[in-house]
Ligand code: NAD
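Taking the form predicted alone, here's one chain by itself in structure tokens.
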């Protein structure tokens, strides 16, 4: 169980690019990073509006002179300091991720980046090589993959409790874009513009969450072929999609189905997962994050509750609140930030043996998410054709 005791020798000096007063994800990053005392917020380029960003940073407790106009000013300002920043989170629109991450790595700064990581696998491979050459960590914030019941499912699959995996069924839908974009905020505008969002809208924005969580639970399965059918129900969003379905064939013969949509009118937003094997199945949703449904063929269904001693060690090790209290998104983000901090600490200490077995959403996880998106787009652009995964 995680209880706030220090897992690394000292807090990492942490900064942010983006995540300011008008941002949607900044507080998730700060609540995750600052939860366990493994990070200390020392600087930031929080906003395109320098004055507003400085005012915001000061209100967070950051010194005014360490609230910068942009990432280049941050790099220059921190470079000469004995207490300069060590790791920076990138909480900006998709089209900025590559250049910001590259600049930070070239300056010797570890990076934690929003997803989707970049626009192309080629960009991911370039940055992965740069991080490797510099000896730096790149983490990716896949929000709910720190939840203890996600790791319970992974442990049950590993132990063979489900048998041979046959079916993978996933959905992440909401209705917040069911209407047209008249009067839409900046967050909607950049997400539906190919220049700023990249080659996808909901596939990249929420679909990659599903795909990576399935990789955490089912690391032994690899997609061999897929079919992606995507559509913009609001025509002004084309060529990007506000709805998509993806069918997948896995290398063990399993079949997968994934549905993402931001036009699911009336749905307030939830992720749903069901993994079916030859013996049993498990189902989990972030709408009821404390409960995992475990159904063995021929037996009564069971509801497993987070934090209970009958769960696997991997799940209990990721638990924070105990069985009596809800374990949610904030707790999962805190786990992700903690695990990335442990990776950075191990790299700084030269403990490669720890890194070899330590799980966290790393740059390879981000790269594989972008690879999946590229294959989805290739299939959709071919008229929802089956394509070999490459």
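Because the structure is predicted, anything quoted here is derived from the model rather than measured. Residue numbers count along the first chain shown, from 1.
Below, we turn to the form predicted together with the named molecule, even though it does not appear here.
At least one heavy atom of residue 96 is located within 4.5 Å of the named molecule in the predicted complex. Contact check for residue 281: every heavy atom lies farther than 4.5 Å from the named molecule in the predicted complex. Among residues of the shown chain, residue 376 is not one whose heavy atoms approach the named molecule to within 4.5 Å in the predicted complex. Taking non-hydrogen atoms only, residue 86 never approaches the named molecule to within 4.5 angstroms in the predicted complex. The candidate site formed by 14, 73 and 104 is entirely out of contact with the named molecule in the predicted complex, as no residue has a non-hydrogen atom within 4.5 angstroms of it. Among the residues 320, 151, 174, 191, the one placing a heavy atom within 4.5 Å of the named molecule in the predicted complex is 191. Contact annotation: of the candidates 240, 292, 276, 100, the single residue with a non-hydrogen atom within 4.5 angstroms of the named molecule in the predicted complex is 100. Of the candidate stretches 22 to 30, 360 to 368, 57 to 65, 345 to 353, only 22 to 30 has residues whose heavy atoms lie within 4.5 Å of the named molecule in the predicted complex. Annotation for 180 to 217: interface residues with the named molecule in the predicted complex are 187, 190, 191, 205, 209 [heavy atom within 4.5 Å].
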